[in-house]
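What follows is a single chain, given as structure tokens, in the form predicted alone.
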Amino acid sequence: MQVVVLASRKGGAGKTTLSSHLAVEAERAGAGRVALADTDPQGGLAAWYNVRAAETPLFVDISKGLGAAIEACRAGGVGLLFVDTPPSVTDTIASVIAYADLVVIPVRPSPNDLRAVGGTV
């Protein structure tokens, strides 16, 4: 299973939107079972998922920790997991990135977004 984390110190960079769109498109493209996890306390990805009519991609409960959720995904045959992160400098982001096979750092072409990239890296 591949874990893709979307991370940026900057809020409004598009992490939640990209997480949802990439997961839906990965599944539509035949990537197998795809899941989403929301580590942002604001819960934007969870809110998006809860108003969807479609039952896929899967939404992962991380209440027992992201590591446990990742293992449950592996055991359940998930091939690709997208993880949304909070928009700030926190230990949460660092701990989530530790699980990543790939980290995507969304950035808009603005000075504030570009300055945030270095801190995220």
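Keep in mind that what you see is a predicted model, and the values were worked out from it rather than measured. Counting begins at 1, following the sequence as shown.
The same protein also has a form predicted in complex with a small molecule, omitted here; what follows describes it.
The small molecule in the predicted complex comes within 4.5 Å of no heavy atom belonging to T92. Though the partner is left out of this view, E27 does not reach within 4.5 Å of the small molecule in the predicted complex, counting heavy atoms only. The small molecule in the predicted complex is approached by A13, whose closest heavy atom lies within 4.5 angstroms of it. Although the partner is absent here, Q42 sits close enough that one of its heavy atoms falls within 4.5 Å of the small molecule in the predicted complex. Contact with the small molecule in the predicted complex, judged as any non-hydrogen atom within 4.5 angstroms, is confined among 65-73, 92-100, 34-42, 52-60 to 34-42.
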